[in-house]
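Take a look at this one chain, the form predicted alone, written out in structure tokens.
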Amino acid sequence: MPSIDPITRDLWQVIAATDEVPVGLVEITTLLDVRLALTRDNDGNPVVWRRTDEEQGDEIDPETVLDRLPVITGYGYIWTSLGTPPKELFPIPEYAEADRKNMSCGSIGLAVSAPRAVENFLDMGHFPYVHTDILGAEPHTEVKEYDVEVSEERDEVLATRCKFIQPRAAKSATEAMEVEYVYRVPHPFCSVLYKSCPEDENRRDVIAIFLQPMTEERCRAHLLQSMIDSTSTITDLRRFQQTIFGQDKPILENQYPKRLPLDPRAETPIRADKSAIAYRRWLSQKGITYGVIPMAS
């Protein structure tokens, strides 16, 4: 089993959508090369432990589970930790706004490391080529200059003034529009995207990707949408996001190496990659070694 750096061990890590874990029935998953079991008790509270003899679907009385891992719920998902996590998850205050449609959009396995998947989420340059006629189209292929900062106070990477012309920016969009994005990376394996809302120009739709690092070269992407959309159904919104991610999956899984190199000389960056460069530098400064290829000392 690979070693887990202290920062990764003490993080909250996503493992499942809350409403997909039945009360009393055992679900099995993998986190950081460790097999875990999880269920919900009669009050709906999640219970997580290192797997012993339980099998998927077994019924169990959660009260009999004594050696429990820390657990928290947030943004429609269950999170746990193999170490000593902070008291709270990183904030997404928009999730609590009453008029938003909040939904999990599925959990999708990826044959790539969690940091690789985060980096792909930050990349606007692939929009016209991978998400053709949805998030981009020729001849509008230029990634305009944008700003990136690494905030020590908030401990996150933030990219602002990200603009791109998109034929269909959201399920509710009826025409092409120049979309403004803000990207946050508040967790080494999670990213939150804020984008122009076709229905309300003063607010932003929120899309987040929470990566569950199963092994160093395999993860699960848990997708969240928090949308301002009075016309689309939850099913339509989910299907739209799953279409986008389904286009990303084969591209991601063909990247080599599977782990993310942190040495800036390992892969040739271009101007549009500023956010990815900042993200790699942030991981290196934090001492993250799981799912990456660290810089040579």
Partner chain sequence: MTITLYDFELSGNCYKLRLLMSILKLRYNIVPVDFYPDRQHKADWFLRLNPFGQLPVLKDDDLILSDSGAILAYLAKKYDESGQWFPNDPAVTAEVLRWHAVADDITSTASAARLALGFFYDFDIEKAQKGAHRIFRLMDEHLWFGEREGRDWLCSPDHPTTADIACFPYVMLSEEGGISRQDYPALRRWTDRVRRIPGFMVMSGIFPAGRAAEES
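Note that the structure is a prediction, hence the values are computed from the model and not measured. Numbering follows the first chain given and starts at 1.
Although not depicted, the form predicted in complex with its partner chain is the subject of the following passage.
Heavy atoms within 4.5 Å of its partner chain in the model of the complex belong, among the stretches 202-210, 218-226, 181-189, 79-87, to residues of 218-226. Taking the partner from elsewhere, S232 is found to have every heavy atom lying beyond 4.5 Å of its partner chain in the model of the complex.
By the criterion of a heavy atom within 4.5 Å, S196 is excluded from the residues contacting its partner chain in the model of the complex. Although the partner is absent from this view, N254 contacts its partner chain in the model of the complex, with a non-hydrogen atom inside 4.5 angstroms. When its partner chain is considered in the model of the complex, G246 lines it closely, a heavy atom lying within 4.5 Å. Along 229-243, residues T235, D236, R238, R239, Q242, T243 each place a heavy atom within 4.5 Å of its partner chain in the model of the complex.
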